[in-house]
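Presented below, as structure tokens, is a lone chain in the form predicted on its own.
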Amino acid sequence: MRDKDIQHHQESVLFKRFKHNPVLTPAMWPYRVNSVFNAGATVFGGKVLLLVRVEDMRGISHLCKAVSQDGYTNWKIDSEPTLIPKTDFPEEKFGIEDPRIVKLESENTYAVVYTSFSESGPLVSLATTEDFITFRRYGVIMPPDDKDASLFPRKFKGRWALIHRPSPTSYLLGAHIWMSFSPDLKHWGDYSILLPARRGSWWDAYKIGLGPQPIETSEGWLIIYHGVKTTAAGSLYRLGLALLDLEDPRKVIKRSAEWVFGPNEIYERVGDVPDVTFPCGVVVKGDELIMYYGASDTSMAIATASVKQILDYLNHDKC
């Protein structure tokens, strides 16, 4: 395929929607909820496990576990919330949202980085778990306004690395993707911008943020990120790609010029927040990348891609 053909057909070639989307809807929940979306994903006990953001009828979000043998069908949903905001924890007063899950290789535990919504705005919090039943809360690791965060599964030169997205008061200043480091998951520093938001009429102008957790490949850490373009009709949330160095993730090897996935189907165009495709989790099985994304802040959907084709696209893209 010619380079321009790769770019022109990027969405249809790279990501294919599951024919039975959406896969999780509010009507499937065992208790009354308003919406289910933006789930973190991992493999646990040989099954695909999602921690789904669930918004209740008050507008407050919590996390609920859904498990599937094949990652597509027959989801078993917890009969009650899995992780709820702590009533004695003011940083979670208005809910917990948008988790990213990684298995920490040296700790034999799973890290769940999520957004807590406090009176002062969104901030980044961390919990760990070995069974997705009980959780150890570390509390706040990044103050407001900050969100769209994930750890990497292993340390770099003895330090944990965190991708996150601080937000200035004015998006005219740019809301960029940052990286920070910690020796112990509690004390963070060495902050730097990893990916800057672009300017002008770009699809990712002024506001970008991490999508799913970083994905380790033979050529680098694959990053799927969302970009927001503000239009006269509202905001469009679409996805782009970047590749980071395996040993020094602060080094950006490639970044896609074009967006590669965006709202197209009715369940992505119509909902509580229209025109949003927002992934927080992926699972990789061999060459198959299964991406779980929130559609219009209302339901959960799936798109799949070939890791090899994504890497080939990045190698040919005029970044």
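Counting begins at 1, following the sequence as shown. From a predicted model like this one, the values you see are computed outputs, not experimental measurements.
A second form of this protein, the form predicted in complex with a small molecule, is not displayed here; the remarks below concern that form.
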Quiz item: 28-36, 64-72, 270-278, 255-263: which one contacts the small molecule in the model of the complex at 4.5 Å, heavy atom to heavy atom?
Solution: 270-278
Quiz item: Is there a non-hydrogen atom of Y114 within 4.5 angstroms of a non-hydrogen atom of the small molecule in the model of the complex?
Solution: no
Quiz item: Are any of the heavy atoms in D204 no more than 4.5 Å from a heavy atom of the small molecule in the model of the complex?
Solution: no
Practice problem: Using the partner position in the model of the complex, report whether Y237 sits within 4.5 Å of the small molecule, counting heavy atoms only. | Solution: yes
Quiz item: Closest heavy atom of K147 to the small molecule in the model of the complex, within 4.5 Å or not?
Solution: yes
